[in-house]
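Take a look at this one chain, the form predicted on its own, written out in structure tokens.
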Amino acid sequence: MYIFFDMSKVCRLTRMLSFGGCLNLIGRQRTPLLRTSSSVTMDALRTGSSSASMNVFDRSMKRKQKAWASALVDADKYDYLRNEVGSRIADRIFDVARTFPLALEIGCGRSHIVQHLNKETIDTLFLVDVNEKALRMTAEMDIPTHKVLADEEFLPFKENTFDLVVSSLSLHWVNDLPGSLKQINNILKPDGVFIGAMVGGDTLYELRCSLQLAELEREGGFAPHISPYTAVTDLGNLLGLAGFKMLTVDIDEIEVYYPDMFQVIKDLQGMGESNCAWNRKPMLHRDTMLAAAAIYKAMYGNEDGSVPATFQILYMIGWKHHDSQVKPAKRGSANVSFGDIGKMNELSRNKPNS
């Protein structure tokens, strides 16, 4: 089942539809879980979290990049990173010992997470992506699935809807990450969990340094060619500000080897992960690219002639508040000092028998 949202009609929908209603969907279907895209946008404007206040990425360009990558004949050839990260997120989902009646995957692509799950874990699943071609190419699965074409920055769902929300390698392209995390928290049911992964700040540092050095040497200055990414030191604070509790943030570094720098760039294009920042430089001179490739190989190359590309992956888990969740003890309620932890064995021996 496909559900389509045309974000270009937001202003007209604002006048036509009341907040919290249902859109008339393809095939005259009505889905009570969905709210109008206009209400999401107006909520964002009222809270000051509109992407207009943080306009780092050209979202229109990112949609075109993803559409181009999905149209490749060998598109699945470039899914190796997403498949690997998707499997690691699935492992974290399995660690939560419960079945989720209703789940949502944001920025699903060709369903790189859900292909590792089963009906014993999720009863019903909603897949959301901004790329229609990728949605149509999602793998067949046993879990009952509904596909929604919508922007990750404007999630068209009612509050307290989902038991589980997952996202893999998608949120690093949203303009308003704090606002997106808050939306995810809103659509989760109390005691629902968000499990996600996004690209971290040290990703592709080899390519970044090589391009900067080559451009500085050949052209007398450099421009940013790798998109800015979130630092791990900021992610926990962002999750906390969005209202998540019992946070877990950890890091993986995945190193992939390529024949040369040009293959790194080709694979990034095939993944739909090319730079789409507004301040990107439209082109690089040929001699600058050749110099960057030489620098890349000289600084980071292996003995077999290959070059590495490092992907720093930030994994996050956050729970929506519920009164049943474990709470920290009150300040000053401890009866053992941290200084006595090393003496625990001695203290236990001296403890009088009851």
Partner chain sequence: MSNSNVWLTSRERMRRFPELLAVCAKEAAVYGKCVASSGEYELKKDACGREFQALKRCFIEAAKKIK
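Values in this document were obtained by computation on a predicted structure and should not be read as measured data. Positions refer to the first chain, counted from 1.
This protein has a second form, the form predicted in complex with its partner chain, left out of what is shown; the following refers to that one.
Mapping the unseen interface onto this chain, Asp287 counts among the residues with a heavy atom inside 4.5 Å of its partner chain in the model of the complex. Interface membership of Met54, defined by any non-hydrogen atom within 4.5 Å of its partner chain in the model of the complex, is ruled out.
Its partner chain is not shown here, and in the model of the complex it never comes within 4.5 Å of any heavy atom of Asp76. At least one heavy atom of Ala298 is located within 4.5 Å of its partner chain in the model of the complex. Stretch 219 to 227 is the answer when you ask which of 112 to 120, 197 to 205, 175 to 183, 219 to 227 has residues with heavy atoms within 4.5 Å of its partner chain in the model of the complex. With respect to its partner chain in the model of the complex, the three residues Leu235, Leu238 and Asp250 uniformly fall beyond 4.5 angstroms at the level of their nearest heavy atom. Out of the listed residues Phe262, Tyr80, Tyr257, Phe94, Phe262 is the one that sits within 4.5 Å of its partner chain in the model of the complex by at least one heavy atom. When its partner chain is considered in the model of the complex, only one residue from Ile317, Ala69, Ile313, Ala291 comes within 4.5 Å through any heavy atom, namely Ala291.
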